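First, one chain by itself in structure tokens, the form predicted on its own.
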Amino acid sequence: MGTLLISAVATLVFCAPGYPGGAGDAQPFLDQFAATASAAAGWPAGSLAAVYDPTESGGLAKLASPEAALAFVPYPFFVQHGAELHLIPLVQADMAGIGTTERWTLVAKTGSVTGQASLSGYTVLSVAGYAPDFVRRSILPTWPLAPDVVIEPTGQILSALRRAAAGDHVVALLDQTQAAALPTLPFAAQLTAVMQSNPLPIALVAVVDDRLTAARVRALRAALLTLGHSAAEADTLGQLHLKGFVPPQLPGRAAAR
């Protein structure tokens, strides 16, 4: 179990494996978000810091630090690592232009995949490929995959789609934004969406173990749920492609606790 952070600086770890962006590019926006959120919560100035890591391993390393009291992570990361990290959902992100949930789409060469049995021997490529539990439990719960199906992460989803269209034994699992762009590809006619998930959360802010006092958690949660009501707060959220936050509404099977 963690150690309660009463007066020390708490760190919010942003981790988004598979998506582009460098820590240096994001840091000014993270600093602004941390300052805005802590002020709204009534925390002392400077008591919330923020760091970013674009990799799964780097995010896990940062979250192992005792100062890492909060995590802002994609839902696949939460499903894969929530239990081991003792992540307790605080709020759910409302993403600008998307909303609070998204559907994931499995795309294959037209005519090549007619059901889960025909995926035998295939590789599933996705930005969420680092989270096989998410792919199997959340995306394909009614499509039990054969033992020889490989799930791999990729940040090059366009290359994955080209491989699928060319007839390689790969399929691409797309998030909602990627799936919306699929019809614009010159080889889109060679690809077919063979299944789509139920609506799933996009991202969460979670408390790491019990590293914050209950009073600080309550104050921060209340602040995040109302963040964005002022023009300045809305601008801060917009820099991170956020509209705001809502109470967590998670599929029961995937809750960390």
Partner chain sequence: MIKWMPCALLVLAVAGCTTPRPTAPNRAPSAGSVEELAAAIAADAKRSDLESDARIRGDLAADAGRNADACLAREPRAAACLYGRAIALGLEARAHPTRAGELLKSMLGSLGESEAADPLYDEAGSARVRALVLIRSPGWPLGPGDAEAGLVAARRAAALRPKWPPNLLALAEALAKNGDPSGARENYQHARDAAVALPSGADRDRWLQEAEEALRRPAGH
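Numbering follows the first chain given and starts at 1. Only a predicted model underlies this, so the values are computations on that prediction, with no experimental measurement involved.
Unshown form predicted together with the partner chain; subsequent notes refer to it.
Exactly one of the stretches 60-68, 41-49, 184-192, 210-218 approaches the partner chain in the model of the complex with heavy atoms within 4.5 Å, and it is 184-192.
Scanning A166, A146, L158, A83 against the partner chain in the model of the complex with a 4.5 Å heavy atom cut-off leaves one residue, L158.
The closest heavy atom approach of G129 to the partner chain in the model of the complex falls outside 4.5 Å. In the model of the complex, none of the heavy atoms of I139 sits within 4.5 Å of a heavy atom of the partner chain. At a distance threshold of 4.5 angstroms between non-hydrogen atoms, A26 is in contact with the partner chain in the model of the complex. Of the heavy atoms in A203, some are within 4.5 Å of the partner chain in the model of the complex. Contacts between 54-83 and the partner chain, taken as any heavy atom within 4.5 Å in the model of the complex, involve F72, V73, P74.
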